[in-house]
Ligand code: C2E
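Next comes just one chain, in C-alpha cells: the form predicted on its own.
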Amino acid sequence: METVNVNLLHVEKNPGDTNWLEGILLDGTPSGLSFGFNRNTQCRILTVQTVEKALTRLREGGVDVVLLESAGSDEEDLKDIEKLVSVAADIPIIVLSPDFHSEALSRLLGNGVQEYLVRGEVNGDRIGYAVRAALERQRFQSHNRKVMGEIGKNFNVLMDMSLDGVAVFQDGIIRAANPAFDRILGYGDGKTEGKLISFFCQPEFKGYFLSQIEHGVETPQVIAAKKKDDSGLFLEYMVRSCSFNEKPAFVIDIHDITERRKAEEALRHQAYWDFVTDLPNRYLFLERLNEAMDLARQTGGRIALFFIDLDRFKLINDTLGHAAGDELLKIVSRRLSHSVRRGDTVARLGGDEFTIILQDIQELEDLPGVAKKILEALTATVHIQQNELHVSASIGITLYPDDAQTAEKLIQRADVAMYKAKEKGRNAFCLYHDTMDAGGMERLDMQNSLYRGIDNEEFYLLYQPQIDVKSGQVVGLEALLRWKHPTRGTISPTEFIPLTEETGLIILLGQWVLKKACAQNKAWQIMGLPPIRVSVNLSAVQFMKHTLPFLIDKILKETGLDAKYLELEITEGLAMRDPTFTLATLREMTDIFKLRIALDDFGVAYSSLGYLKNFPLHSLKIDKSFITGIGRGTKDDAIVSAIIVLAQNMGLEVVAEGVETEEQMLFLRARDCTTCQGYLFAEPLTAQQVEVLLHEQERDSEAKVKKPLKTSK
C-alpha cells in the first residue's frame, strides 16, 4: 500500500505544552509521525504559536491540514478561522477545544471547520481518523462544487457532449444508437434499436424519466438504471431535440457513473458516519436534530433528546485496550438501535457519549419507559477478550420545544440532566427541569478551569514529611497536589481529582506531578541536601495505562533522579480491581525499572492475602482510619499490631498515616513501626520549607522531631 504523507500545521496557543500533540500520536517522531490505525499515513507536524505565523506558513504552501487550538471564545475562534480561510480556503481546518461546546460546534462548522475534537478524548487513532475524515470531507465537498459548476453549460448536439453513449429516439422509440450506448447497457451492437426509450430505467424511475425527457433535459440528470442482465447501475444523462430522417426527434447522451457514485457515497459515509460504530456522527446528528426540530415546529409536535454517557467506560478502555473499548462501543450501539423505533436517530457524539432523537412524541409518560428499556438493554452481560463486562449508563432527557428552542440549548440541557443522573448513583435517567442549570453550569465551568489551570500553572505541590520512628529523622516525603484557583482560592483534591479522572485530564496532570516531584528531589540533591525518597500517588486511570512504566523511566532520565529515590503509591482497592494486571505491572516496574512500590490505605479494601503475598511491594501504609483509635484499648490496637507483624514477616517497611498524638506515636514505637507521617510531626510543607527542614536536620543529625513543626500557611 502506498504511503500517504500529510503535513499538519498545528496552531498551538498554549506555550509550555508544545509536545502534547506528538505525545498522543503514540509511535513516530516529530519528523514523521505514523497514525496507529493506518501505518501507511505519515504525518509531519509543523508547529506555530500564533495565527499570524500560521498565515505566513500557509502562504508558503505545502500544508494539508490545519489543527487550531481553541482560543477560549466563539467570537475569537471565528475571527481566527476567517483569517485562515482567507489565505487557504481549500485546506481543511480541525478545531481542538478543551470541552464539547455544541453552540460553538454549530457555528464553526458553517464557517470552514471540517472537524471538532475535545482535547480530553483524543488519542493517536482519533487524531488520525480526524485528519483522514477532514481530507475526505473536503474532497467530497470540492467535488460537489465542481459538479455544480458544470451545471448550466451548454453542449452542442452530439459533438459537444462529453458523455459517451448516444442514441436517437422518436415517439418514445430508439431509432439509432452508437456502440457505446449498447455496451453500457450490456447489449450487443444495434440490439437496443426499436426498444422504448425508458426500457433501461428501474421501474420506480420510469414515470420520472419520461416526464423529464418530454421537454428535453439539457443539464445532467441521474437515474437508477438496469442492464440486460438486470444488474443495477447509475446513469448520468442529457436530452436535446434534433432532427432525424427530416423529422423532429431527440438525442440522449448517457454516461455510466456507477463507480463514481459509489466513491461519492463512500466519501460521504466516512465524512458523516462514525468510523467505529457506523452510527451517524455528530455532524449528521446535528443535521438530523435541526431537521426534526423544523418539522416539529411546522406540525406543532414534540421531539425528545436522550443524552447517554456510559458509566466508567474509560476504566474498561484503559484496562483492556482500545480494541476492546471499540468492540464494546459497537455492542452498545447495536443495543441502543434495537431499543428505539426504526425512524428514530441513534448517534455517537464521540468517546462514550451517544444521543437518541425520538420524533413525534405523543405521551410524555412514555419517556421513562423508553429510558428504562435502554438501561436494561445495556446492563446485559458483555463478553470481550474472555472478560465478562457489565455496562451501565447515565441518561439525560430534554424535550423540544418545552425545554429549549435551539439545538445547542437542547443538547446542553440534556447534558446537564445526564450529570444529574450520574449524581443519583449512575445507571439512571433524569428528565431536565430548569432548576438543574446552576449545578450543571458550575460543573462545566470547573472542567474548563482545570484545562486553564494547567496552562496557567495554578497547580503546585506540597510535601508531607515521613519520619523514622527510632531516629526522628526525615526519611521520605509524600507529594501532595494542590490547586489555587484564581477566583475560588484553594480547591480540595477531593473536589477536582474525580473530575480529572472522568475527563482523562488526570493523565496529563499526573505526568506533571511525577515530573515536578522528581525534578524537585533532584534539585535538593544538587544543593547538597541529604538524599531522601519522594512518594507520588497514582490514580486508577494512570495505573491502568500500559505505557506508564516507560513514561516514569523517561521522566527519571530527563530529571536525572535515581529510581531508588522515587516511590509510587497505589491504593489497596486499586490493586485488587484486577490482581493479574496489577501483578504484571508491578513486576515490570520493580524488576525492569527498579522502582519502589508502596501499598496505600492498607486494611480498607480487605485484600486477599493470597494475592498480596505475590505483589512485589516495598512498604505498607496503614490507613489513617485505624491509627485514629489506637492506644485506647480498642479493636484498632489489634488490627494495627497485626498489620505491623504481617509487614515485618513479609520484609516490608510500615508507614503509619495520620499520626496526630503522642499516645499514637508511643503505641507505634513500642511495636517497631518503622515510619510515621502526620500533623504530630509536620503539616504539608512547601519546597522551600522542606529545604529549611533538611538543612536543620543536616546540621544536627541527632535531632529528633518531638512536636509539631510550626510553619506559615
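In this text the structure is predicted, and so the values were computed from the model without any measurement. Each residue number is its position in the shown sequence, starting from 1.
What follows is about the form predicted in complex with the ligand, which we do not show.
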query: Among 377-385, 186-194, 477-485, 589-597, the region lying within 4.5 Å of the ligand in the model of the complex by heavy atom distance; finding: 477-485
query: Ser539, Ser394, Ser97, Gln138 - the one with a heavy atom within 4.5 Å of the ligand in the model of the complex; finding: Ser539
query: Partner-contacting position among Gln464, Gln412, Thr319, Ser339 - heavy atom within 4.5 Å of the ligand in the model of the complex; finding: Gln464
query: Partner proximity in the model of the complex: Lys624 to the ligand, non-hydrogen atom cutoff 4.5 Å; finding: yes
query: Any non-hydrogen atom of Glu653 within 4.5 angstroms of the ligand in the model of the complex; finding: no
query: The ligand contact in the model of the complex: Glu569, any heavy atom under 4.5 Å; finding: yes
query: Proximity of Gly573 to the ligand in the model of the complex, heavy atoms at 4.5 Å; finding: no
query: Residues within 4.5 Å of the ligand in the model of the complex, restricted to 656-675 and counted by heavy atom; finding: Glu657, Gly658, Val659, Glu660
